[in-house]
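There is one chain below, alone, in structure tokens, taken in the form predicted on its own.
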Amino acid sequence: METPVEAKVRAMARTRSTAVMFATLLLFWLMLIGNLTLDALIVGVLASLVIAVLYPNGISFFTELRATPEAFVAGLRYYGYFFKELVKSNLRLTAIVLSPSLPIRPGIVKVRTRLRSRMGRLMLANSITLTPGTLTVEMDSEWLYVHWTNVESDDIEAATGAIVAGFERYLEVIYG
């Protein structure tokens, strides 16, 4: 049986989650629409409110975010690392495509993540997918199944180190 204090804490957490989702949706709406006219603001507020109320358990970018200076610094480093990996992967894939022998060894590898938060895992899966040459095809708890254009190792630990470890280092600080 839930105590009144526990019920109040749970209700406050649900309200916070709904408010964060509302604010995030409204912010995205305002960035997409590009103006602050009254009618655009009213539509954005109504649409954001309806979505936030209908999907109270929806996942928001900020719901599991650790709001600490370390997380902010890790976020900046994460984006720097991501863009560096993006450029490297593009160059590596370009070399493969331009090579007459097309030196690829495609396959699906199983990798493990230490991330515990849903948002951290989602960010990891999306980062892998957005990096050319890799595509996250399934997430199952701590396991991710990744299509890798040029499989360097079938070993789970080696594949995890090559694909996951760099992103995970920063996402662990940001999301846990």
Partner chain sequence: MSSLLAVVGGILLVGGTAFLLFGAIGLVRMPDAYNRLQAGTKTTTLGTLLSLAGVACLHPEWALKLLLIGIFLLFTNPLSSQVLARAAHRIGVKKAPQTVVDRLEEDLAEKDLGARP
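This structure is a prediction, so every number in the text was calculated from the model and none was measured. Residue numbers count along the first chain shown, from 1.
The form predicted together with its partner chain exists for this protein as well; it is not shown, and the discussion that follows is about that form.
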Are all three of 98, 125 and 145 close to its partner chain in the model of the complex, meaning a heavy atom of each within 4.5 Å?
-> yes
Could you confirm whether residue 80 comes within 4.5 Å of its partner chain in the model of the complex, counting heavy atoms only?
-> no
Heavy atom of residue 115 within 4.5 Å of its partner chain in the model of the complex | no
Contact flag, residue 44 vs its partner chain in the model of the complex, heavy atom cut 4.5 Å = no
Does its partner chain get within 4.5 angstroms of any non-hydrogen atom of residue 52 in the model of the complex?
-> no
Taking its partner chain in the model of the complex, which residues of 104-121 have any heavy atom within 4.5 Å of it?
-> 104, 105, 106, 107, 108, 109, 110
